[in-house]
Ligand SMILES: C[S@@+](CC[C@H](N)C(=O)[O-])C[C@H]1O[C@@H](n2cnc3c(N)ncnc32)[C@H](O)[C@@H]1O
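First, one chain by itself: the form predicted alone, in structure tokens.
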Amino acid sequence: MSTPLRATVAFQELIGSMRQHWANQLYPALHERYRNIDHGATPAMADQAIAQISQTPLYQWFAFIERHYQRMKYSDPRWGLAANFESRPEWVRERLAAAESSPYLELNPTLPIPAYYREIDIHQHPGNLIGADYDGLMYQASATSIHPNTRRFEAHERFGDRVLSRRRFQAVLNMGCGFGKCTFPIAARLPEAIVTGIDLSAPCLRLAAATLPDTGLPNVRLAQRDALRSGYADASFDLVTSTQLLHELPVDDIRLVLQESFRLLEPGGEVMHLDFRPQGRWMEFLLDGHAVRNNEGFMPAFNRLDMVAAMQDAGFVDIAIEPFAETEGATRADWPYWRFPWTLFRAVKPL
């Protein structure tokens, strides 16, 4: 089996170290600078402090690193992820071979793909997630690199624990499942349930299907379907979930996802969409900048969307919007490092 060149591995480790420096050193210094300027008396004073911070070399360096470590990780012509996978077609075919005969995978080559999904390199991922057979593998490698110490997707495992803490569901739909990083933890915690993951990306679904035999999970199903109009029958599920899907959709599509979630749930069923939601002008400013630097143009509108009203409009009751700790202690007020403001949007379809 082919393996990455040593230089590629070293380069990607360098990029990972740069990201850790950005999150664990640059961000705390930037936040401390902001706190020293902003005394929090009025929103206007907060905006004035942000305007002042945005002109500092520290913020500009912070923004530069965020934009360009991601670009280099993916697209460096010598050692980027795209060049690495492009140079190893036989390994890619071998890695995905198990998906070809998987009875748990349903692909739809004629599925309409939204224009923005085809035309925007979200996360700076070249070709987004539909441009090449190795796109799922490249996305997995990129996502794993954010967690160099554990190589785990702890947030998704903790989300699986949160699902289990609610009740024992029997039929779960995971929208925007990608390569399975959230689908698999839910299925592992609910072995009696059928957990179905859907996504627009065939390369991600192939990777999930190829990985499935290694998980020992017989209760996972994977399908290439659109979360806006999934095609499943009314009341097919008692839980509908997603992770980090909503902020990558136009607002009108978010409303359609909520309506589809409601339609798909049986009475008394629950929806649990895990995403981001900034609290305060400072974090809103940082996420607005992140949206530009990481090609996530719909995020600012999502951040300002009244999700309680949107979920009510879809028909939900018992709506809760709750901070979510992606790792132990992350929601503490004194947490010093960069983190996305993970938030759980939870509600119930009335009986």
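What you are looking at is a predicted structure, and each value in this text was computed from that prediction instead of being measured. Sequential numbering from 1, following the sequence displayed.
This next part talks about the form predicted in complex with the ligand, which is not shown.
You can rule out all but one of 98 to 106, 192 to 200, 211 to 219, 258 to 266: in the model of the complex, only 192 to 200 has residues with a heavy atom within 4.5 Å of the ligand. Residue 176 is the only one of 160, 176, 278, 80 with a heavy atom lying within 4.5 Å of the ligand in the model of the complex. A heavy atom within 4.5 Å of the ligand in the model of the complex is found for one listed residue only; from 88, 125, 181, 273, this is 181. Taking the partner from the other structure, the ligand in the model of the complex has a heavy atom within 4.5 Å of a heavy atom of residue 139. Within 4.5 Å of any heavy atom of the ligand in the model of the complex lies no heavy atom of residue 164. Put simply, residue 72 is far from the ligand in the model of the complex: not one heavy atom of it is within 4.5 Å. Among heavy atoms of residue 188, none comes within 4.5 Å of the ligand in the model of the complex. Residues 245, 248, 249 are the ones in 245 to 268 with at least one heavy atom within 4.5 Å of the ligand in the model of the complex, listed in sequence order.
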